[in-house]
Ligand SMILES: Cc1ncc(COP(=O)(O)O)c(C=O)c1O
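Listed next as structure tokens is one chain, alone, in the form predicted alone.
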């Protein structure tokens, strides 16, 4: 690509000023403070390029799984272009061929009686519906979630998260309880006859990817069934082949009552989310099928994109490739761990859903910065900043492995040097 350096620099400054004055002053101040004022320009596959052409980043965060299939995936774009010759977002009042076919495909790919899907636009919207539906079906008010978990920033979803996300907006509620993840005794203490649902991320990303203990999710489902409580599993980040299986919960011998999908379902091209429910729950809509609507949810264009995403992600050879990449990363990351022992403490991994365990809560932000300086985009886990989220695009090639590991090695080396300096001089910085 050719860039006129002066024109590109002027263009970048204008974009930053507009963003500062009309979108977020705080974000611009943050990125300028740490010399990370990257402005997204051209993007393709695993790569993001700065609008001024001076820097590129290999995307190892994938925006929490939005870009599982890379940036501007050609197969996805071709599908959308084709559908634009015939369709628009559709009308939520009417029966839709595209929504019907996508919902049927999801049902075929789901186990048990997860036969119905209600479409939305975002993960938060899909979680809100799941919580609404659980309360409507059980006629109970309480929701239990995991401390450090994350399910979105919308009206109901934000109440299932930690206090820092809800308290500033006066959204604390006694109906929403939190317990430690992987702690069955804590669940038993609060699981009473007023609990409508337990909601968990199958593997909590914002908590730093702790894996469920052996039998944990299966026992949670058993306790829920005995109490007449629904189990909601949030697969917004862990689903769609990220863990080496199409659905992360397949690893743990459990079938939830509700599954929530978003992010990667969009193919990084057209936003769409899905709340997939056990067929018994669909009865909530029998008396009045219009008590929940989403004007743009399940856009007919979005349905075409999501259908292609599912076709790609569920392919046996594609899943084999994800697991092969996972094994390769395991080998390479273990070597780096040995080399940088004391700073790089361990790896949490299920497929390409990976958390890098570092020495303390300052280390995650520091490595995020030094990785950026070495052309890698990774982000620490906001609710456990000693963990860096490591989500390689599922479509990365073998040749990319050497680049990523070489750059990560350099970033860790620099982070080890920078870490004690920042720990003395500054407060922990946050995204």
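Remember, it's a predicted structure, so these values are computed and weren't measured experimentally. Residue numbers count along the first chain shown, from 1.
Another form exists, predicted together with the named molecule; not displayed. Remarks below refer to it.
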Students should find that, of 148, 152, 268, 351, the residue having a non-hydrogen atom no more than 4.5 angstroms from the named molecule in the predicted complex is 152
From 122, 83, 307, 96: within 4.5 Å of the named molecule in the predicted complex by heavy atoms is 122
Can you tell me if residue 232 lies within 4.5 angstroms of the named molecule in the predicted complex, counting non-hydrogen atoms only? no
Would residue 243 count as touching the named molecule in the predicted complex under a 4.5 Å heavy atom rule? no
May I ask you to state whether residue 257 is within 4.5 Å of the named molecule in the predicted complex, using heavy atom distances? no
Taking the named molecule as it sits in the predicted complex, is residue 236 in contact with it (heavy atom to heavy atom, 4.5 Å or less)? yes
With the partner removed from view, which of 208-216, 122-130, 332-340, 284-292 is the stretch that lies within 4.5 Å of the named molecule in the predicted complex, judged by heavy atom distances? 122-130
